[in-house]
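A single chain, nothing else alongside it, follows as structure tokens in the form predicted on its own.
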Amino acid sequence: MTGPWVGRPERRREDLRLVAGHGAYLDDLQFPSCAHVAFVRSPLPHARVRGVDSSAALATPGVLAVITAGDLPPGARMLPLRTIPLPPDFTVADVPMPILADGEVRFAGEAVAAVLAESRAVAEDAVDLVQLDLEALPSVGDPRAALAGGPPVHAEVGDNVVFRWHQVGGDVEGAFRAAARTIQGRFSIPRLQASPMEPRGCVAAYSSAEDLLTLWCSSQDPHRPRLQLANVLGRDLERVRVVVPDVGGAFGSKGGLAPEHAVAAVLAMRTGRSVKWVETRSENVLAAYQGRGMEVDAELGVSEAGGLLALRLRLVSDAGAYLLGHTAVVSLTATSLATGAYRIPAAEVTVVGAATNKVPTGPYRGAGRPEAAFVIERMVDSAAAELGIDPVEIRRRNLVPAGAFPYRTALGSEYDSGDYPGLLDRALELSNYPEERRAQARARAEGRLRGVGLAVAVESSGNSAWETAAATILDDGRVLLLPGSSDHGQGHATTFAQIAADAMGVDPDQIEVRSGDSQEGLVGVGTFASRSVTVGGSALLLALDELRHRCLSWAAHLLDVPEEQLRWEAGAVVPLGGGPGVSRQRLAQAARDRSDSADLPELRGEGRFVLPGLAFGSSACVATLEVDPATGWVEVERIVTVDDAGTVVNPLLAEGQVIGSSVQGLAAVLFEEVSHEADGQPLTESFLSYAVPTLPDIRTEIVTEFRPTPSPLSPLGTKGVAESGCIGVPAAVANALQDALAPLGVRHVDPPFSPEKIWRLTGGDAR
């Protein structure tokens, strides 16, 4: 799709309202007679709950109730387990997460009781008065140890395996026998936390007159929390409404119903009062699900000429104490992309989910794609070093060529379009790669540790491959869009307006985008996995097409001419032979009055688009860095990334997504890690111990460019780009660090590349 607006770098329309302080985030919402809930959380990673003494809390003025799992309605104790389809042979244990700990706690921070009070301060103070009688049980925090005879997290899952999957494509054994060499790799990818600016929260209210439960929550969409809340409480979907106000970031961490949301809903229905919960930052660190957390063993069979013949992976996922509906899909995504951008004819992957006494894991920006890119790109660089081949050359010999699309990998992923060699060549050109190598040689001659690293990454997008949208015309003639994909920072009000402006022949200022209320639009899916424009934007096109057709029907009625003699032009309906047409305002007025038009359709278009397969964006990244051996500081000087996101609707917003995700990728590989003791006791409990970088920490020059190959799978031709930097940048930086430390004989370093870790590797601790 092309037009005057799609492809233009328009500034975000929604920014002025937000930066001027006119946003309405969850905690900005005020309700009369609102009560507040706070949670009593376990200090132990594994324990039997022998009792809860709430007498002191209940005696506190302003405390309304204290509830535990036994006080919940029957059937309202577990979150839904199977919310995302998995392959038939993907086995999953029945270990869903309880709303409140029922009999046992299995991670430090798990909610055992909820305190309802007249104010937030009273509720939080009363939490400290609730006495937990806990009997400590053996616990395990390391996923490999959990699988090697560690204490069971769930008695019914004695081996701690909570999910398992195995996939083979091609003649793996034959390819390894034919290989001249087998490259071995072992990788530990740490847990990360999303750290959104706004932690989680909700307000629940119940109308007994309407029998309607309404939940306002800071979420990535209203659809999944609504379905899950109806499931948990056993209510008809029509009796549940979810509203998502402005959201201060999510990065995957607000992708469904939180246990605390369900507890607030139960309390609202029980008391008849609105109930608010706003998470503290410490709670967010302890109790919000975390991302990454994978241990990978890899083997890569290569020919003497550097051909990549076979790949074998065993991926152990640190699943945590319970399975959420989306926990296992992250590992599935990682292994389905294990061969990356390369022609590897044979591959075998084994996925094992290990239960540990830690908060569960789930999607975090990239959700399996960064892990896949990190492993294959490190393995390709290791192969190049082993064979004495330049890292660029080994990639050129093995990348999927531009003429091979659609390309089906050995593990069954079908890449729709791309030009991986072209991306690499352009990234090398933009980075002035030959000069970077010359600068490295000069630095090494001076005894400095300088490195250059490459990565070519693939980003799947369009997960949960359908979406809905609706469109109508307001009385003033503006076009109202009701997309199923709701905004939490992506710029939908701008991007969707550009798409609609071209489809309707109007200016984007004539488009209003409204989302986040389950009562206003259709049942949809939501915003995650870089799917909004590709799937949600295509649904909008279908809705707008139907709206135009309905406008023709109404105009034919008003003008008393056959519909075939009318056309849509420049935002109005005009006769083919010329003459006065019908404006959008007149159409809206007529549709509202409906005085003599009972047989005409509602002036509203609805669309449901199904993406026939995943769309695969891609990127090539070049990173340059230097290591200070005296301090261990890794200074990433420059990142050059060239992206194929298919048709780019708004280059300015797309560039912002690439830069933002690149900084997030740098944070992941250089600074961030959620740490635990061997028994699962958290060492990371706040930003004092979790190193989210600030502006002075990231001094990297980031150069971006787009080189699109439109996807044939959607009318827009778009692909995902929002997670690009999180996927390719960590791998490129890891390869650059390996390159810098090669003179010291260092073969691999697991992230994060903290100054202390690198200082010890460079011999700083021996000085």
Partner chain sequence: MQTPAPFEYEHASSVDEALALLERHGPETRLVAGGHSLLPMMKLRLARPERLVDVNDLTDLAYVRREGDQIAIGALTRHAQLASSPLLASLYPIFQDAERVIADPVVRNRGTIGGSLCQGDPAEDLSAVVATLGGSLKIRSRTGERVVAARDFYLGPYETQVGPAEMVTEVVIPIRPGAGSAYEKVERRPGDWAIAAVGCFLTVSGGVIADCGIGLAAVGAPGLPALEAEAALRGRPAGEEAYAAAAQMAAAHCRPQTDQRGPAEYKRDLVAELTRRALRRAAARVMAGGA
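Here the structure is a predicted model, which is why all the values come from computation and not from measurement. Residue numbers count along the first chain shown, from 1.
Another form, the form predicted together with its partner chain, is not on view; read the next lines as being about it.
Undergrad: Check each of 552, 430, 544, 127 and return the one that places a heavy atom within 4.5 angstroms of its partner chain in the predicted bound form.
TA: Only one listed residue qualifies here, and that residue is 127.
Undergrad: Among 631, 184, 583, 131, which has at least one heavy atom within 4.5 Å of its partner chain in the predicted bound form?
TA: Only one option qualifies, and that one is 631.
Undergrad: If contact means any heavy atom within 4.5 Å, which of 614-622, 275-283, 404-412, 291-299 contacts its partner chain in the predicted bound form?
TA: It is the stretch 275-283.
Undergrad: Test of understanding: in the predicted bound form, would residue 697 fall inside 4.5 Å of its partner chain by heavy atoms?
TA: Because a heavy atom of residue 697 falls inside 4.5 Å of its partner chain in the predicted bound form, the answer is yes.
Undergrad: How about residue 693 - does it come within 4.5 Å of its partner chain in the predicted bound form, if we only consider non-hydrogen atoms?
TA: Judged by the heavy-atom cut-off of 4.5 Å, residue 693 is in contact with its partner chain in the predicted bound form.
Undergrad: Determine whether any heavy atom of residue 8 comes within 4.5 Å of a heavy atom of its partner chain in the predicted bound form, and answer yes or no.
TA: Heavy-atom contact with its partner chain at 4.5 Å: absent for residue 8.
Undergrad: I'd like to check something about residue 176: if you look in the predicted bound form, is any of its heavy atoms closer than or equal to 4.5 Å to a heavy atom of its partner chain?
TA: No, no contact at 4.5 Å.
Undergrad: If you look in the predicted bound form, which residues in 423-455 sit within 4.5 Å of its partner chain (heavy atoms)?
TA: Sequence-ordered list is empty.
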